[in-house]
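This document starts with one chain, in the form predicted on its own, laid out as structure tokens.
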Amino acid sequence: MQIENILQSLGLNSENQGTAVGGRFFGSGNKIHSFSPVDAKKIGSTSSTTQQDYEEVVNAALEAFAVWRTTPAPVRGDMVRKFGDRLREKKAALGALVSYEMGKSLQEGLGEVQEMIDICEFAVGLSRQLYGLTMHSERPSHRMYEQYHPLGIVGIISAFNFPVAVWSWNTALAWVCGDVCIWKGSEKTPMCSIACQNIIAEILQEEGLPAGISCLITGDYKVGELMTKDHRVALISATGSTRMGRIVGQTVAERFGKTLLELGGNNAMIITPSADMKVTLTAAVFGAVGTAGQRCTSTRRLIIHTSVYEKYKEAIVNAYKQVRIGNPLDENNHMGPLIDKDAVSNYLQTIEEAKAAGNTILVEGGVLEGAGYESGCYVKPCIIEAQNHQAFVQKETFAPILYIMTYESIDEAIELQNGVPQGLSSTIMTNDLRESEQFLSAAGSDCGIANVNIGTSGAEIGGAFGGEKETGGGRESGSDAWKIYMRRQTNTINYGRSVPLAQGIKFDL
């Protein structure tokens, strides 16, 4: 499918407005131009959201919330079901746009849209399972229970690397919980955001629902600040760097708002002597080079037992020779470009830091040039022998750089795994039951995600997604992550004819 046809099928053109309430787009802020990292061609332009635009969006969202919060949850779930069905119809086009605007492989772009479909299915079931809790009162003729109510406006700030899925993880759950959503997608992938808004707007209009249930704002961090500083926005769900998360967390906490933070990762794979080599290599290579290393769950470190270190070092270096880099819309390629020139500069700077520290470069990095690489965003995946304590290893570089190191005992391996500021994803490759159980125990991995014999990247929507430490502590998607989008209320009902007080207190009039 030609890019022009893809854009047309998603309601996009060369000039788009970037502020929306449902299907009504407006605003005349500064221009934002979207260029594909695939071929450096301009995809289209949009406008950023102004303060005046933002006020119009919030007022519409508040008006919609007054209706949506009292709509029965199964009815809200039916709207989400129809949204998921429409995503099925648009999957090919939206997946291709994700691939072209962000740079990830077509398979990954389609997979990201499938995640949107999956979370809609999860949310539909959830709409009939927003369970509370009953408990016994210590007072006679009293009943106690807990229930959950909608929060209000949920502000979503998403990153370029998953330009559509992370929004849907939040909105699908927030909508069935009775919330309304305002989304600020990444200014690096604005066409993906507008395309998604077009799709949900169709559903809202067809169902006669308030347009303010789904709103869009567009722009840089200053536009995001409009939400983080706004007491009318009950929850801010922000995905991005740890630096960004610190700012968002502090700003929202000052006004006693709620935050859901999904921040940086520095994910390790422990490779033990009993590991299955084929399984390990497949998981390690995809984890390191998938999405060109631009996943928060990308594999950054391999911690390999000394007895098998040389064997795995040789195997992983040879495996990298088979990685095909090129246009991500060509399904024969494994890896596409980085998002932009700034990402390339950060990648090159980290490699130079490693070289300056005297580290051995096992697979040389660098920028690819020539036919097919004209955008200047295509780089080679790099492997570096390193020590866990080194500064460049401790930070997250959003690029295909893999560090490998050794360990002697499983205790040492876990200590290395945990010895970074981030705590998102982790895995151990082992066929030893004791090693796997220790890794998953309270004395094991300190990450929000801990796997055995699968890679660090990729997560099913049924499980709660998120991490600890500088990853922010947030949880999205499955399990009971829905509770963050609601407020808890304890209710006590006295159906007797007296007013006995708790703890046996006497107060007679």
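Not measured: the values here are computed from a predicted model. Residues carry their position along the shown sequence, with the first being 1.
The form predicted together with a small molecule exists for this protein as well; it is not shown, and the discussion that follows is about that form.
Of the heavy atoms in residue 101, none are within 4.5 Å of the small molecule in the model of the complex. Not displayed here, the small molecule is approached by residue 398 to within 4.5 Å at the level of heavy atoms in the model of the complex. Using a 4.5 Å cutoff between non-hydrogen atoms, residue 158 counts as a contact of the small molecule in the model of the complex. Though the partner is left out of this view, residue 456 does not reach within 4.5 Å of the small molecule in the model of the complex, counting heavy atoms only.
Only one of 465 to 473, 46 to 54, 66 to 74, 29 to 37 places residue heavy atoms within 4.5 angstroms of the small molecule in the model of the complex, namely 465 to 473. In summary, among the residues 335, 200, 248, 269, the only one with a non-hydrogen atom within 4.5 Å of the small molecule in the model of the complex is 248. For the options 363, 367, 386, 244, the residue carrying a heavy atom within 4.5 angstroms of the small molecule in the model of the complex is 244.
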